[in-house]
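The chain that follows stands alone, in the form predicted on its own, written as structure tokens.
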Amino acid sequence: MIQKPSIPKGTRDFGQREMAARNYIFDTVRSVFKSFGYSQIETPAMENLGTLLGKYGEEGDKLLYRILNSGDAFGAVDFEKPLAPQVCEKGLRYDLTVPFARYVVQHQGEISFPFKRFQIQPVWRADRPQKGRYREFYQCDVDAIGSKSLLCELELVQIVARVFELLDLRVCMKINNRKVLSGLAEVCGFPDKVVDITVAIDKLDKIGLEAVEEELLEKGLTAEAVEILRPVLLLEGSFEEKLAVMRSLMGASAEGQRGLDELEELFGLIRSAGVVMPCEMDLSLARGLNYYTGAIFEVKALDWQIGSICGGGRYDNLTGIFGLPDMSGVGVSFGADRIYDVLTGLGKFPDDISSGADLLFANMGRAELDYVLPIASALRGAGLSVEVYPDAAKLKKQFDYCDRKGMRFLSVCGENEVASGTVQIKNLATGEQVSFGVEDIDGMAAFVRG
């Protein structure tokens, strides 16, 4: 029995039109990154497990895909010891930030700092598939490393605002600071449980306040400590009002006050830069990755229900674990697959997105092919995407092919056109048909471009 073909859960095929739509996102993001002076790099799909483990917290480590060693991986296994470390030395990357930190350390002699890079590549997580959550998905990361200036944070805010302006999506950026979260842990009396606290409150939107409080109690916090956190997580009002409340609460925490200072400076820069995108301080925002040390960001679509579509933050010493200490960086990651889902759901992709060529030449026979082939080549040289139908099939079949591929222009050159040295091109959307002399390549190209 032949097995029905399928793909793993949490992955997707992308056909021609879907790829055209995805490339629209990638091209938009790439153009904005470049406009701010960022350069593109790529890193391997797999990394040594030692590079990946311990960078994402205990929960993140569980989601790493491990790659079985080649050859007889189980040949010399000691089954009385943990199995995975003996048979798996590599893993698929979980994100692009840790590989980037490894890249910076490995290539530091070739880099000018501050180093501004972007990456557009897939990542893998052994997560439970659900709406908006995939096991294989693309991230579009942009980072600046080698400077502690909050101008880097501002630049990322501006990049986010510009990308979603071009994509015509209404979004809100939520901003917090991990130093503030550390300060909260101090004023609660549990400075050693800052990771447990941040992991728990990062789930506030997903599981609600009551479940978060239960998790905090399970992690060893007292009811009094949870009572201190509750009003902070529900704090509302303007940035200035929230800041005033937090200044009072953080009176005894120098770390917390530093975080508030950074937030105050960043929001001041955002106002000075005239950023129109809504930005708000969200004290429940934690971003559950262990390496963040300063500002943290999360972006949500306002008109479509889905998780965050962009996020990131400041990391002060991620490269230190690879032997290059005190190298501060900050970055954000755009979730291309979730952005794709939002654009699809809201019908925001441009109508003219198509994977098809600009123009199709119908195949009317060998003599006509000899006539149109050099014309097609000349039009490609003029910058158009041009197809010539491969078979001398019925004209209706060629029309249907043109329609299915989303091509807007069709040229049918028969005996009369060959004899008169002309080229007929029809706009299938409007019905307009124009005749050109065979040498008028520029005129043909201008007509197709509109």
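Here the structure is a predicted model, which is why all the values come from computation and not from measurement. Note that the rigid core is defined as the largest set of C-alphas that superpose within 1.5 Å between two forms. Residue indices: 1-based, along the sequence shown.
In what follows, reference is made to the form predicted in complex with a further copy of the same chain, a form of this protein that is not presented.
K219: touches a further copy of the same chain in the predicted complex, heavy atom cutoff 4.5 angstroms: No, K219 stays farther than 4.5 Å from a further copy of the same chain in the predicted complex.
My question is simply whether Y292 lines the interface with a further copy of the same chain in the predicted complex - judged by any non-hydrogen atom within 4.5 Å. Judged by the heavy-atom cut-off of 4.5 Å, Y292 is well away from a further copy of the same chain in the predicted complex.
How about V418: is it within 4.5 Å of a further copy of the same chain in the predicted complex, going by heavy atoms? Although a further copy of the same chain is absent here, V418 would stay clear of it in the predicted complex, with no heavy atoms inside 4.5 Å.
Quick one: is K116 in contact with a further copy of the same chain in the predicted complex, heavy atoms, 4.5 Å cut-off? Yes, K116 lies within 4.5 Å of a further copy of the same chain in the predicted complex.
Want to guess which of 303-311, 333-341, 210-218, 143-151 is within 4.5 Å of a further copy of the same chain in the predicted complex, heavy atoms only? Residues of 143-151 come within 4.5 Å of the partner.
Given that a further copy of the same chain is left out here, which of A273, C172, A223, L346 has a heavy atom within 4.5 Å of it in the predicted complex? Exactly one residue meets the criterion: A273.
Just to be sure I understand the contacts: of R258, K203, K90, R287, which is the one whose heavy atoms reach within 4.5 angstroms of a further copy of the same chain in the predicted complex? By the 4.5 Å criterion, the partner-contacting residue is K90.
Is every one of H107, I321 and P374 within 4.5 Å of a further copy of the same chain in the predicted complex, counting heavy atoms? Contact check passed for all of H107, I321 and P374.
Counting only non-hydrogen atoms and a 4.5 Å cut-off, give the residues of 383-403 close to a further copy of the same chain in the predicted complex. L384, S385, V386, E387, V388, Y389, P390, D391, Y401 sit within 4.5 Å of the partner.
Determine whether the C-alpha of T28 shifts by 2 Å or more between the shown form and the other one once the rigid core is superposed. Shift of 2 Å or more: no.
W124: with the rigid core matched between the shown form and the other one, does its Cα shift 2 Å or more? Shift of 2 Å or more: yes.
Taking the rigid core as the reference frame, is the Cα of D72 displaced by 2 Å or more between the shown form and the other one? Passes the 2 Å threshold, so yes.
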